[in-house]
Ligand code: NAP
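Below you'll find only one chain, the form predicted alone, shown as structure tokens.
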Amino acid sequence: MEILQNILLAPFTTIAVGGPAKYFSRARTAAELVDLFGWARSKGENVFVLGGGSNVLVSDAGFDGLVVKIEISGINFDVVGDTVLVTAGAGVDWDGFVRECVDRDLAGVECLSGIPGNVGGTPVQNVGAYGQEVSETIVRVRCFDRAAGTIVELSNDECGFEYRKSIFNTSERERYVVLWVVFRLVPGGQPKIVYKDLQQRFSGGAPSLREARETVIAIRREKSMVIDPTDPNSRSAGSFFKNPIVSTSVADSIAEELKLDSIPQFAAGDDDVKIPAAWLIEQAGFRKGFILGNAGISTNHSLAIINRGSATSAEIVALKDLTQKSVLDKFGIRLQPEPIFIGF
């Protein structure tokens, strides 16, 4: 094991803020990961497992413990009946994984193109976009169980997937470390075109998987939601807030207060609807391009808080707090952040 000291974490995150890790190491295999946890336990050090860094915000003080960067690689394809089981290491680049699947004409993850991060982070947040979620195709997740010190496999049901939720970020948070994820994809399947933006782009046509992927990436690029070193708006943690789910009566009350026939919303089961957080943020006065010190809101997407070049994590949090308070004061809805906060 190579264990480094005082390694700045900002370069390992897409928002590019954050202080140093007391200790830092890389795990390229499950065995290395187990050994690193054993080392940390013997030293009495806390451990944070870092993936692609696309959904984290590290404090300016950094992390007082061991940061383990997961770099388990490899993708395997196994034909099972009329489907293909695809096993991918937690350290595999997510968009690279999607591209490989689309190139092999495997349907099930095409609408998740262009999302930054690694495979291992996708079941944690139940990553979703443009009408598709990873929980629709995940068969099982192989993990290191920190409590038992063993490697375990969890079925889709055992992962407890909900909108942007799983046991990995709720009831069993910090217990499991994702090592590999197994997906069930459909050879020659049709892309999932249910999201309004995609339906409008294809006007009722039947695109190929490749066309769907390219269109999703184009839409994301227009919103600066694709990592691009030449685009300062992409220096972010992606969508900073989850779309809140409320009762239809709450949505109706908001519409009535704003003197609107209705507000943007999507069915979310039973008597609930999902309201776009971006819409709430803009209605609360935070337009695209809003600036607060060295932090700001993307000029292309009001749901992305960006590092304008030299922001501190304290400045990012200040804008997060201000946005949350304004939406809460105006609508009585408290927006929930999507990123994981480290070292706060």
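Residue indices: 1-based, along the sequence shown. Remember, predicted model here, so these are calculated numbers, not experimental data.
Quick note: we don't show the form predicted together with the named molecule, though the next part is all about it.
Comment: 163-171 is the region of 163-171, 180-188, 251-259, 141-149 lying near the named molecule in the predicted complex, near meaning a non-hydrogen atom within 4.5 Å. Site annotation in the predicted complex: the residue of D197, E222, E158, D231 reaching within 4.5 Å of the named molecule with a heavy atom is D197. Put simply, S239 is close to the named molecule in the predicted complex: some heavy atom of it is within 4.5 Å. Remark: F266 counts among the residues lining the named molecule in the predicted complex, judged by a heavy atom distance of 4.5 Å or less. Contact check for V127: a non-hydrogen atom falls within 4.5 Å of the named molecule in the predicted complex. Proximity of H301 to the named molecule in the predicted complex falls within the 4.5 Å heavy atom cutoff. Heavy atoms closer than or equal to 4.5 Å to the named molecule in the predicted complex belong, across 238-277, to the residues S239, N243, F266, K274, P276, ordered by sequence position.
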